[in-house]
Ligand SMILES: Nc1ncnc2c1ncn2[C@@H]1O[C@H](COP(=O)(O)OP(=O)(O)O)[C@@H](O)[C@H]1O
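Shown here is one chain on its own, the form predicted on its own, set out as structure tokens.
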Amino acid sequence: MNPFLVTSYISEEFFCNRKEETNKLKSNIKNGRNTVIYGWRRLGKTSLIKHLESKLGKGYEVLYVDLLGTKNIDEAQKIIGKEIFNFYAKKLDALPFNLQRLFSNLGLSIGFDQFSGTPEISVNFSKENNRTNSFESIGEFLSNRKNQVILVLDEFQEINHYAGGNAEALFRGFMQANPKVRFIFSGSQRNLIQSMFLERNRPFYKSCELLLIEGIKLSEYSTFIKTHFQRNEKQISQEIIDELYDWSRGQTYCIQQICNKLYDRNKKPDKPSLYNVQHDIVKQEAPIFSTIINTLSNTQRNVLEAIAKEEPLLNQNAQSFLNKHKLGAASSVNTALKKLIASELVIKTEKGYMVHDVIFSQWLKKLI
């Protein structure tokens, strides 16, 4: 088996470090504190949650709900209901009354497979349900479990886009009404998540402990990579690791992709092998990047390419930057940059502006 996973979490053996973050989450759960996990995309937040689940052991029930793509409170509640069904009901021969009542309140239809007799679920989105009562039903069921329930709401920033404008208040009320349930909110739109939990006028202000996920240190990743190569009678030099780490900007998913392909192709990777792998990774995503570029205005495209070539960009208004890339007026650049940040193609870090997706950035650098 290739030890450098690029899909989902399997076990601790194939998981690199995150000991400090895991211990922090365990401590929060055991001491009644709710947590917000946030950081840029592809740094391994979901894998961290799955790793946490494996470390908690008996006495804990972790329900993972991905809110990405949900459009309103009703959809969010029904997705939570479906996860409850998948976690609990499929293990039972018959549905207890409290589960039947919960699903009824959420507008979920329950049936039984005619051959196996196991329960099945379908979603009826046309039914208008009382949102407050639905949260009460979910909370009542989870709070009455004998084990400690941890409800993970991934891509939680999505609720900012729900119609009505009261989604944050409803979720905050849901959390407050169920102190027996531990909540973990996770999000990849870093600025949105920070605003939700740090601004005084927002419902979730100072309600949870924030856990920022950043890139794993080079020293820790080096040990992990070398160990797995050596374990299978392969070798990789520190020079190659340093170069692939820098190229990936320490982004977990990108590092895993490169190592996965190097491990597959070479017993002892050299620089030409590394460059071939990097080229293949960029090439396979090129059609997606071309589609993205075609949705941008000329100014947005030019600013995006310029940022990729300057990373990190400290000052977008510097005359030297504007002249070098023939970008024109600073006002036009600032307008384009705001659009690029809003669409998360560009992020503003402590170091400066960068293209969010590392592989997209590498593609842009070779565009012209």
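Quick note: we count residues from 1 along the sequence shown, nothing fancier. Source: prediction; values computed, not measured.
Heads up, the form predicted in complex with the ligand isn't pictured, but that's what we're talking about next.
With respect to the ligand in the predicted complex, the three residues S8, F15 and R42 uniformly fall within 4.5 angstroms at the level of their nearest heavy atom. The ligand in the predicted complex is not approached by Q157, whose heavy atoms all lie more than 4.5 angstroms from it. Interface residue remark: F204 is not counted as part of the site for the ligand in the predicted complex, having no heavy atom within 4.5 Å.
Mapping the unseen interface onto this chain, S248 falls outside it, with no heavy atom inside 4.5 Å of the ligand in the predicted complex. Using a 4.5 angstroms threshold between heavy atoms, N302 stays clear of the ligand in the predicted complex. Figure note: of the listed segments 214-222, 285-293, 163-171, 74-82, the one touching the ligand in the predicted complex, with heavy atoms no more than 4.5 Å away, is 214-222. The listed set N34, T70, S47, Q316 contains one residue whose heavy atoms approach the ligand in the predicted complex to within 4.5 Å, identified as S47. Proximity to the ligand in the predicted complex, defined as a heavy atom within 4.5 Å, holds among T252, N266, Q189, S134 only for T252.
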